[in-house]
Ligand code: CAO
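Only one chain is included here, represented as structure tokens and corresponding to the form predicted on its own.
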């Protein structure tokens, strides 16, 4: 069958767009392309669009350059294809309409005899930029593109973005984590070492990925003056009999968290399975993130409100040892109502911890530092031991104002040690 050289020209872009800038050229001379493969990606002030090939064949010439302004009817490339093709530029081509309300009247009922193909213009008011091929596949699979974050120019959704979304959904249903990385031979750039992930890391990764994808996270940042707390803790440790467990900051933070949770019960809740009711828990079981050689685990300290600082200190040591020796049971990990992740012994200023479902909030504690604090009332400055902390919360249940009040109340509880009055 004889070969024929075809011109690929810029078609009518619709919506009054007579030209656009070339942001990406997807082919080179000599490339073999299929019908529907993207030839060039254009950007205008109104839309982002991919111009596909309407032929199978070999690219013989690319007539444009990245950054160039192109106009309707301009030659984009030349392609050599079979004389009998699946679809010619002059044959049946229907424009693909995203939003009929936003489209020109004449485009709503396209004629089968239309001689000028209309490239898909992805309007910014649709908040979805994708090629016709990606849209067709999404329609066939009943996938809403509005749920996918595009990685292309100006948020354009690529084939890889759609494929990664599908992989993620499949992995979520199977209860496994998924990598969005393409298979790459990293050894071609230098020496590598491949280490198998531990079972705990795999499970943790899968759960964190699900939590991040399914919960609308927001993080509130604050700090508290823990000078008094530090002095109290040191005094308690100095008075301890020999051999007794030393007191750390964490038991104080757990008690302060419980005191705050009692006055703001929404933070000690879970959404029910139908997402129609909120289950308020009248008990206070605090999960503590523990870093082990094989990965992160979150054992639970139960009934924190009923235990003293000394009792919590001892239990924390025991549960941490149990975690690091891989002796935690499922019962040790279940039933938490609120989680604390402390990096105070490591470093950092603030971080955004990921919520531990079915909980609705998590507190992240960073390393405390001595700072000079100005007192407006006394008009003087003094040194204070300041602890930065972060609260990530589920925005479906908790709004920003409530989160700001929670961090303020928690900070005040930590500073005044009001919870010690009711401790054993």
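Everything quoted here is computed from the prediction, not taken from an experiment. Residue numbers count along the first chain shown, from 1.
Although not depicted, the form predicted together with ligand CAO is the subject of the following passage.
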Next item on the list: Although ligand CAO is absent from this view, report whether residue 233 comes within 4.5 Å of it in the model of the complex, heavy atoms only.
Entry: yes
Checklist line | Heavy atom of residue 158 within 4.5 Å of ligand CAO in the model of the complex | finding: no
Margin query: Even though the partner isn't displayed, in the model of the complex is residue 150 close enough to ligand CAO, meaning a heavy atom within 4.5 Å?
Written below: no
Notebook entry, point to check: Does residue 350 reach ligand CAO in the model of the complex if we count a contact as any heavy atom within 4.5 Å?
Noted result: no
Margin query: Partner absent here, but in the model of the complex, which of 142-150, 70-78, 270-278, 291-299 has residues with a heavy atom within 4.5 Å of ligand CAO?
Written below: 291-299
Check: Of the residues 314, 264, 343, 197, which one places a heavy atom within 4.5 Å of ligand CAO in the model of the complex?
Finding: 343
Item checked: 162, 224, 328, 250 - the one with a heavy atom within 4.5 Å of ligand CAO in the model of the complex -> 250
Next item on the list: Scan 198-220 and note down the residues that get a heavy atom within 4.5 Å of ligand CAO in the model of the complex; none is a fine answer too.
Entry: none
